[in-house]
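First, one chain by itself in structure tokens, the form predicted on its own.
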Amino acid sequence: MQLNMNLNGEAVTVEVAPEQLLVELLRDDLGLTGTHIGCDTSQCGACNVLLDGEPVKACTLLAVQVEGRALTTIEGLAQGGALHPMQAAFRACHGLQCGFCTPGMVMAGIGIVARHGHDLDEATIVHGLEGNLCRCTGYRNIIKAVAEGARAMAGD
């Protein structure tokens, strides 16, 4: 079946099978491999993307569910070679180690800002990151990165 969506700011039409997962469409058919598959059980958040501005787990959605909607992947955040403020904060605050969870964490961070604004306390960030797992770090720098990214996004 034909699927029409806005993907990373561009109108896209693709053929999908009714049972195809969004994460499979992104990675396998569209080559957007920044959306990671980490657990296959919707537990880790490595596959987070923004659907109409809200973070969702791409492993839990059928591709057909994004018909007519706006989808942003990690590849769609940077503009003109400049990192999105949340991406830049993760880099500056060392909010990553192996980087596998980072795209999902960045998307979750953007969602936290959308829901709670730019002045975030640690408890709000920690609660907002529930459902996102990092197997490498102690989360301290991830929390700092989300807070810094939120402040930087205020200047957008």
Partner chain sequence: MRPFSYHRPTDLAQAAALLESGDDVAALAGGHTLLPAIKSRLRAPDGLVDLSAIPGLAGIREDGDRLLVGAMTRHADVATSPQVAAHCRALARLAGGIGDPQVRNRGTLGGSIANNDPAADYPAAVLGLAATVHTSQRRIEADDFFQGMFTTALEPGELVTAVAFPRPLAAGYGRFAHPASRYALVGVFVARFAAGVRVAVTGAGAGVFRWMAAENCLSGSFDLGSVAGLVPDEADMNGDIHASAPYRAHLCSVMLGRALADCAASS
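As the structure is a computational prediction, the values presented were derived from the model and not from experiment. Residue numbers count along the first chain shown, from 1.
Keep in mind that the form predicted in complex with the partner chain is not shown, yet the notes after this line are about it.
The partner chain in the model of the complex is not approached by residue 138, whose heavy atoms all lie more than 4.5 angstroms from it. The shortest heavy atom separation between residue 26 and the partner chain in the model of the complex exceeds 4.5 Å.
Under a 4.5 angstroms non-hydrogen atom cutoff, the partner chain in the model of the complex has residue 55 among its neighbouring residues. Although the partner is absent here, residue 128 lies within 4.5 Å of the partner chain in the model of the complex, judged by heavy atoms. Contacts between stretch 49-70 and the partner chain, counted in the model of the complex as any heavy atom lying within 4.5 Å, involve 51, 54, 55, 56, 57, 59, 60, 61, 62, 64, 65, 67, 69, listed in sequence order.
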